[in-house]
Structure formats: C-alpha cells, structure tokens
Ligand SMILES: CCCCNC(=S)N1C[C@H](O)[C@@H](O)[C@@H](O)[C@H]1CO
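Given next, in structure tokens, is a single chain: the form predicted alone.
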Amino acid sequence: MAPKKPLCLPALLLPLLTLLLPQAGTRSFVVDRENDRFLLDGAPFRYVSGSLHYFRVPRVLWADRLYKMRMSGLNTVQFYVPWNYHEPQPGVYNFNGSRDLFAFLNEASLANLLVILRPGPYICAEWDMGGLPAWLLQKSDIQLRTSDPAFLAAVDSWFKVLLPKLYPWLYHNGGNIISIQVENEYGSYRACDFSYMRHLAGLFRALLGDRILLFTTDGPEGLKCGSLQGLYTTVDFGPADNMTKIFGLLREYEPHGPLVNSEYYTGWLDYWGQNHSTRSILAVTKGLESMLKLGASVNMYMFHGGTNFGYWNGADEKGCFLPITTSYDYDAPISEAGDPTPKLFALRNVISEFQEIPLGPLPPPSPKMTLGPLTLQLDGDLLAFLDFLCPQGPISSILPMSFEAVKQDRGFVLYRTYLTYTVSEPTQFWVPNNGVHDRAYVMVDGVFQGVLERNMKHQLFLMGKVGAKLDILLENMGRLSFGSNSSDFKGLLEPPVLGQTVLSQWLMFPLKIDKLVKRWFPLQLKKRSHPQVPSGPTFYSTKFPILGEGGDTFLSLPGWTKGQVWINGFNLGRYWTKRGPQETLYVPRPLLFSRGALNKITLLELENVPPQPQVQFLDRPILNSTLHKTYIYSLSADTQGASEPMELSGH
C-alpha cells in the first residue's frame, strides 16, 4: 500500500481561510438610517468612487485604468451599461470583446474595486441617444422614457436578458455590485411619468430580488420627478455648486441615511466649436474634502473619461444642436491616454486624509510616440465607391426617408435624385423646417457645392442641366443624449426645395463605410481624372511602419477640414480640425503594429483637402484649439464660457 502524501501547509490553511472569508450568504450592503451611513458586511462604510466607461476604453486597457483608480485611493468604480451597444438590432445581443461587461466586472474585482452599476435603460453619458437603441425610432410615434407600451415592451425584453446575467455579480451573491441605479436623472426629462418609474422599479426587483440597494440620481431641480419611494435618493453637483444647499434639499427627499453625491464633476464635456472645458484642481479638491468631512459618499464623474470612438458620441440641444467631441478626456484625473495628472495626485492626497490608500507608487505615464509627417494618397471620391459602400443597392421613395426608416443607425446615408429641368442661374437650395439632421454635403454631377448644417447653415445656390445628378451625403453627428431627449430622427426629414420646386423621386444609399475600410483597397475603380485639390467626400490612405515598440500617440491633421479616421480598420472617430477645439485624436498603442509591420491609415475627408495631404503623430494631445471662434458666438446668444457647466447636471 502506497504511503499517503503529507498534507502541504496551503491545503491545511484552505478550510480555515474559507471559514474566515465573508460568505455570499453573510455579505451585505445596506443603508443604516439611524446613523446616516452605509454598512458593508455590518461595518460602517463610505465609498469614494470614480466613473469609468468600459465602452470608451479598449478592452486591453481596462485592467490598467482600473488599477490606477484603485491606487488613487478609490474603493469603488461606477459605470453605465449602454443598451444600444449591446442590442444593435431587436433581439440581437452582443456581449463579446469590448462589449463583454462581465469581463469588465471581473477586472474590477481583480483591482479590488466594488461596483456601482447604472444600467438605465437611459444613461445619457454624452453617448449616442443616451444609450437607447436607434431602432426604437422605427416606430416613429414612440414615446421614449414613458409608460408607452411600445417602449416598455422593448425595455422589458432587454432587461430580461441583461439583469439575470448581472444577478450572480450582486454583492450579496458573492460579486462586487453593491448598488444599482434605476433610470438616470429622470427628473430632467419632460415626461415626469411616475408609472414608468414604478414599472422599472418593479422590474428590477422582480429580476434582482429585494436585497440589492436600488437608487436614483438627479440634479437638485430634478429630485421632484426623479425620486421614487422605495429607491434610495442621491443627488449630483459640481465643485462650483452650493453643497450645503443641495444636500439640504436632498434631506427633504431622503431624511435619514448617508449623503451621496453620485456625480461630482471633476471636469466637463466638450462640444465642437466651443472651448475645451476644464475645472481647477483647487476647486475640485476643496469640494471633495468638504463632502468627505460631512461623511458623504462620493462618486467622481469622470475619473477617467476615455474616447467616443467611431460614431458613438451624443449631442445636446441647448438653443441649438451641439454634437460632442470624439475626445471624452473630460479634464479628468486620469487623462484620455490613461496617464495620472496633477489633479489625480491632489485628489489622492485628500482621500488619504480620510481612509487608507494602497501602498506603492502610481504607474508613470505610458510611453508616447511621434511619427511623420506622412503623405496620404488619393484613393478616390466617395461616389466612386458607391457599389462597394452599398452593395445591396439603393432604396427608392418619392420623398426622402430618414436613417431610421432605412434602418441605418449611425454614420452616413447618400440621397440621390436627378434634376427634371435646367437651372441656368444660381438658385436657392434649402430644406424646410431645419430638416437637415445633421450635416449635408451637396454635389451636382459629382462636383462639391457646399454644406448645409442643422441650426447653422440653411441654404446653398445651385445650377445644373436637366438630368443632372444631385447627391446629398447626410452625416449623423450623434443623437441627442440629455434632457429633453426628444426622438432625434436623422437624415433629410423634409424634402429639399430648389427654387420653387419640391424635389422628389429619391434614391437612398445606406453606406457601410466601416465594412469597406476593413476589407478594402486597392479596389478596381474605373480610371478617372482627379482634380489637383479634390473637394467633397473623398478617401485618402497610406501605409507606414513603426520601428521599435512604438507607444501611445495623437493623430494631428493640420489643414484638413472634417471627416472620419480609421487605423488598421478601427474607426478612431471624427475629426473637425477647422472647428475645434479638439485638434488631435488619441491613438492607443494596441491599435498599432510595431517592429516594422505596416499600418494602414484611412481618411474620409468630407469637405476640403489641404494642398499637402499630410498627417503626423504627436506625443501629446491638442484639445483646446478652437480655430474659428466665430462658431462659438453663432451657436446661441446665451452660450457661455467653458469654466462652468451650462446646466447643473447632464449625464
């Protein structure tokens, strides 16, 4: 008989450790109303949290960002779940790759961070349509964020998929989710539909049980319509606001329990055509210190902002249509490139006065790379690629159809018609009722004529012979994401008018540009002469090697006007060099091939190409260079400076 192997020390200790660790059945996160505090596993607890959005950070960088948050002294991370990111079409769900929010929950757990989850269904977040799927608008009379049966049916279907997947991650089940928000700043919405809020609360309880702490978040003015009995009420405000007054107002809705600021603004968002927003370190740190002295729990929005890659940025309606920039740097403590900033170290010092922070230094900034300038080659104008961009062919209609009607959620649709008579003199061309949503690039027989823009530029003057081809490339610049959140349909919402003639007989081409870029050049195009300096929607590209390891970098496009950039097939986002304030696009190192492998950069320039079609990669961002400041003043009469938010809340 073989002798038994002696038990090793770890094997002896394992049962003891198992007994000592909190079991799922004994874990709890609750409100202690008698003592105005939270209890975590029965012990007093205060969270110092920061917001980070997994959908704005490449998956390969999640662990890095979360580790830096933990090393900054945070014990919790707060994040949204954007419905439209995970259900691109009704009943089609995507939790893979960068959309694997459960992998993100696991990374947070590995970083020793608890989680405050905000699944919506509406999230704002300066994200396209506030996280609501654009396919909801295929029912044109739907009433978003209300007890409209059509909206509730879609919400119920989504949450019956999402919430059961989150159930094992609840803190009392052994996971790291300590609380979940219902809706988001609902008091800022015009509907004030308490039946809708009660429906959501009942749905969350039915699918998640009674033990998870459910809460609401609103700005002070929104508490009346945003709070609901049975959900813990929290508030949001920034360093410039009157903390005593706002917490006093919160006490009218939540007389007992911990004070909570669910969105303490460390910075602010940027709009195209306005100045880059910043918040002073002193103001942010003083506000945090004051709240921590009161014993409040605080979430800092944002702690790391990230990037609106692709077409995912949202927009605001504040006197006019204001699309949000590609960069979501937010002047946050961790920069868009993931680097610690002086604001982070100042906040870390404040936090260390109230609770222990992990030992050890914060990682240094990531290596940065410069490269170029690189000269791009003309691949051809967009119209030359139409068969590849819309292989299924166009949709015909007497009157133009919206993006939603042709089932194109984001990006571009080309509208085409033909002139039925000769226009020999410059004649007014316009779209009634501000019906361009959001930007139209107009061409006659392939020659670029100019731009129409929502709220900003309403007419052009055109000429053309009978039978001339009129093409209008419509760009969706991002759906409204905050406040009124009225259904923001995209495309030509009214038939265009030329002179006295309402134009009809349209062809709509929903363009699949991302698919083309991924598989793409060199495509066999018909040989055609190119103008020396092309204008209108045009593709450019080049290939380039990176010697050595490379690093994070920032793409600069001097002299280019407006367009979209892809690197190695990845949609980096929009550039708008001529309007600003953002002048560079963040390029994470993992997107680039190093050690001499060839990288491919592709540009779709929508308006005008510089005489020297060059780009370069810089080792630092330029986020605050608004070149055409006239845009700031033409947006609205009451547009204010960037030092303070336009409204108290907006997420």
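If you're wondering where the values come from, they're calculated on a predicted model, not measured in any experiment. In this text, residue numbers run from 1 along the sequence as written.
Same protein, other form: the form predicted together with the named molecule, not shown, and the subject of what follows.
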{"item": "The named molecule overlaid from its position in the model of the complex: site open or blocked at 2.4 Å backbone/C-beta", "value": "blocked"}
{"item": "Stretch from 244-252, 487-495, 467-475, 323-331 whose residues place a heavy atom within 4.5 Å of the named molecule in the model of the complex", "value": "323-331"}
{"item": "Option touching the named molecule, based on a heavy atom within 4.5 Å in the model of the complex, out of V436, L74, I123, V260", "value": "I123"}
{"item": "In the model of the complex, the residue from T234, N184, T553, T266 that sits within 4.5 Å of the named molecule by heavy atoms", "value": "N184"}
{"item": "Complete contact of Y47, F215 and F303 with the named molecule in the model of the complex (any heavy atom, 4.5 Å)", "value": "no"}
{"item": "Contact test in the model of the complex: K368 vs the named molecule, heavy atoms, 4.5 Å", "value": "no"}
{"item": "Contact label in the model of the complex: D316 to the named molecule, heavy atom within 4.5 Å", "value": "yes"}
{"item": "4.5 Å heavy atom contact, F79 and the named molecule in the model of the complex", "value": "no"}
{"item": "Y271 within 4.5 Å of the named molecule in the model of the complex, heavy atoms", "value": "yes"}
